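One chain comes next, on its own, written out as C-alpha cells in the form predicted on its own.
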C-alpha cells in the first residue's frame, strides 16, 4: 500500500507554507482470549489514516483523514491550511522547530506469528488456561494474546521520509481464587509483559512456564495473613517498579505538563523548569534514562512522530535531575534540552510529549544482597492499584503479592500489601538497585493523556529496588 500512497502524499503537499508533514498510520491487531477453558471469539481490527500538519506565518493547523484518495488528502490539506491561517500570528512559536529527516526502523523478529496459525494459537492459550487450574478454590482463569503490526510513514515538504514498522506481542494471564469473603487474584506481571518482537516475546517473559506458579500463589494468598503496617524497608520487584517509575518519574517529567498543558485534564507536576541541573530527585543510586534504542522494549523507535532522531539520554544521573521528557516543540517553548518523545497514538491525533522507554539503570546488587540488607521489611510484586495526586507528588500503591523480609531472609507470604509516599522523598530513600542480571523490560499499553485523550504504549525496564523508611500497610482483612 505504501508504494501507491507515498506518491499521493508527496503530490498533495501544499506550496507557500513554512512547513508541512503527512504522517501515515496503519495498525492491525489480532486478539484472542480463553476464559475458563472456553475460547472467546477472535477479534481483528485495522486502523488506517493520515494526519496533516501545516505551519504557516506563525500559525499551526492539523487535519486527519481516513480517505486516502487524492481528493481526500487534498481536502485534509485544505482544512489544515485553513486552521494554520486562522491561528497565524497567535502561536507561541513563529516557525516550526522541526526538520526533514530520512531514515528507517523495523522491530527485530526472530520468529513471526505468521508461522503459527489461528488454531495453534488458541491451543497454546488453552494449554495455559488449563494449567491455571487444579484447586477447587480457583474460580476464574483467563489468558489472552494480542499480536500487533504497525506501519508509520512520515513525509515532509522538503524531502523528509521516515518509515518505521513495529511488531509486538502482548500475552496476558490471570487467575482468581476465592474462599468465602476473601478473593485474591494473581496476574502475569499485571498485564505488563508487552514487547516488540514475534513469538520469542513469550519466552522472553517466561509466559509458558508461569501458570502453575500463579495458581499456587493465588491459593496461598487466601490463607496468608494481612500485610503488617508500619514504617519499614521496602523491596519492589520489577513488575511493581513499572508503575512506580511511570507515575512518580515519567509523568512528572513530561515537559508539556510542566509548562501547564495538562492542567485541566490530569494535573500539572511538582517539577518546575528551574529544577533541571540541580534538583536532587533521588539518592545517588538513581540513574534514569530515556532509551528508545533498547531492542525488544515496547517503545523502541528510531524517530519520534515529529521526525526527531531518537537517542539515549539521561534524565536523572546519580540522583540529579538533568532533562525533561520534552519533544522539539516543547524544547523550543521552554529553552530546555529534551528528548525525541513527541508521539501520537494514531493517525487522528497530533503528537505530544509522552514517555517512551523510561528505564531505571541497573546497579551492582544481587537479589540475595538486596534481601540480605533488610532487617525488617516487605518484598512486593505486581501492581494491582495506584493513586497519585494532581501534581504527581503524593502517591499510594497496592500490590498483589507480598513476602515478609526478616533478618535478611524472605519468610512469610502476606496479602494486600500496600505503601504510600511522596515522590521526591521516596526516591531519595533508594538504598539498593539490582544488577544487570535482574534487569527486566515491561510495557504499559494504556497510558492515557491529552484532550482529546490518547492511549499509548510505554516501556519501563528496571531491576528490583530497595527503599528505606517507607510507610507500609495492609488492605482489608
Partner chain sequence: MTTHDYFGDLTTSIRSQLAPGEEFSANLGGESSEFVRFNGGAVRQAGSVDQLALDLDLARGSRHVESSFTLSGDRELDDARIAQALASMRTQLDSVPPDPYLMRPDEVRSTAVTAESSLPEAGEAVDAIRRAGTGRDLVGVYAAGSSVTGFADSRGQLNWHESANFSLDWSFYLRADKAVKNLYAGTEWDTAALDRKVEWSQRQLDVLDRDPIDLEPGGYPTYLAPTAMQEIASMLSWGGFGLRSHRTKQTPLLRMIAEGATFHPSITISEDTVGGTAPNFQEQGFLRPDRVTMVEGGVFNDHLVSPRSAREYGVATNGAAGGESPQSFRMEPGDIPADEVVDRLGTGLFVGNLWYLNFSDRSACRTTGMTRFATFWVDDGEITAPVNVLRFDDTAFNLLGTRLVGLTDTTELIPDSSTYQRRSTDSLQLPGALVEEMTFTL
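Predicted model only: the values in this text are computed from it and were never measured. Numbering follows the first chain given and starts at 1.
What follows is about the form predicted in complex with its partner chain, which we do not show.
Put simply, of 216, 100, 263, 111 only one has a heavy atom within 4.5 Å of its partner chain in the model of the complex, and it is 263. Just one of 172, 176, 334, 287 comes within 4.5 Å of its partner chain in the model of the complex, counting any heavy atom, and that one is 176. Remark: residue 46 counts among the residues lining its partner chain in the model of the complex, judged by a heavy atom distance of 4.5 Å or less. Using a 4.5 angstroms threshold between heavy atoms, residue 381 stays clear of its partner chain in the model of the complex. Looking at residue 395, you'd find a heavy atom of it within 4.5 angstroms of its partner chain in the model of the complex. Of the heavy atoms in residue 2, none are within 4.5 Å of its partner chain in the model of the complex. Considering its partner chain in the model of the complex, the lone stretch of 342-350, 359-367, 234-242, 401-409 in range is 342-350 [heavy atom distance within 4.5 Å]. The candidate site formed by 149, 206 and 468 is entirely out of contact with its partner chain in the model of the complex, as no residue has a non-hydrogen atom within 4.5 angstroms of it.
Residues from 65-88 that approach its partner chain in the model of the complex with a non-hydrogen atom closer than or equal to 4.5 Å are 65, 66, 67, 68, 69, 79, 82, 83, 86, 87, in the order they occur in the chain.
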